[in-house]
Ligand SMILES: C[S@@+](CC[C@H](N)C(=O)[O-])C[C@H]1O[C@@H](n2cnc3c(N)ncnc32)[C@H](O)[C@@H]1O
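Below you will find one chain, with nothing else, as structure tokens; this is the form predicted alone, and questions on how it binds or moves follow later.
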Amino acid sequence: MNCRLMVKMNFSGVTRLLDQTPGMQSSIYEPAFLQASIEKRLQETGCGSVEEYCGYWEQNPVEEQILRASLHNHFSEFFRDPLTFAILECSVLPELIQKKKNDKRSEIRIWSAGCAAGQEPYSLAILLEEALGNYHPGMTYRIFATDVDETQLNEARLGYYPAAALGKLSLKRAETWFTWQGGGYVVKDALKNNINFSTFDLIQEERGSPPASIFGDFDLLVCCNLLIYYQPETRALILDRFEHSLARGGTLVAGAAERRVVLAHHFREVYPQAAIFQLNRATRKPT
């Protein structure tokens, strides 16, 4: 019998195990994604059926952690979407810097939500360092990078990446912001200085934004390719959180596959096909 078919037939057995696990709710995940994750664990554990997998789970306590980790997609890249980062570099950040100068405010605040091993916040930091440089004295920035997985965050804080991870960076950027060490690249401290990495669960946390940020009010919020793994109700919960966390006129960046999801939730796309949004209203949604 096809493994995928067996998962469909016996799905409730695994979801019950998930729901009995503290902090886990099977109902929040998009069904196809949840099914694919369970199917992968069936294959990797060599279990011939979901019933056999449930028995394996009960005999191997570490399996709970492995399946939990598989439900958090940690794939990321430096400058992952070339179009998005080109627009950020050429339009969004220059306009934001000018707006800050006009308002006589000196700090740019950014939230990188679901930052995985740090590639996204470091990419944003590179753009900001280059945009500010010696051209805007007194202007600073802070990036609050969060993820639910502390292991990923530790990798981000370390900032060590294999050479292949820098494939989308120009040679100049690689040499400017990284140091070659032990067969890989290490992020220079100058790039780490304005990034705060912290654990934050977008679904479970009672606070609206990372505690390290104190009050949110983000000029730019980047969360790419995370919403697609959740059910509509959970997506709405996350987008509500983002809506309340953005500063007036703030910008939200999502993944290309999430455009329709974001457009259905009080946001308008400001650069066609680029998954870069602002709120439809002049002010944020009332709390």
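Note that residue numbering follows the sequence shown and begins at 1. Bear in mind the structure is a predicted one, so any value in this text is a computation, not a measurement.
Another form, the form predicted in complex with this ligand, is not on view; read the next lines as being about it.
Within 4.5 Å of this ligand in the predicted complex, a heavy atom is found for not a single one of Ile97, Ile143 and Ser213.
The candidate stretches are 125-133, 89-97, 169-177, 111-119, and the one lying within 4.5 Å of this ligand in the predicted complex by heavy atoms is 111-119. Screening Cys224, Val261, Leu67, Cys54 for any heavy atom within 4.5 Å of this ligand in the predicted complex leaves a single hit, Cys224.
Of the listed positions (Lys188, Arg105, Arg157, His74), a single one reaches within 4.5 angstroms of this ligand by any non-hydrogen atom in the predicted complex, namely His74.
Residue contact with this ligand in the predicted complex: Arg80 places a heavy atom within 4.5 Å of it. Taking the partner from the other structure, this ligand in the predicted complex has no heavy atom within 4.5 Å of any heavy atom of Ala163. Residue contact with this ligand in the predicted complex: Phe197 places no heavy atom within 4.5 Å of it. Although the partner is absent here, Leu202 sits close enough that one of its heavy atoms falls within 4.5 Å of this ligand in the predicted complex.
Residues from 226-259 that approach this ligand in the predicted complex with a non-hydrogen atom closer than or equal to 4.5 Å are Leu226, Tyr229, Tyr230, in the order they occur in the chain.
Legend note: Cα of Gly250 to Cα of Gly208 is at least 3 Å farther in the predicted complex than in the depicted form. Pairwise change in the predicted complex: Gly208 and Ser106 C-alpha atoms lie farther apart than in the shown form, at least 3 Å.
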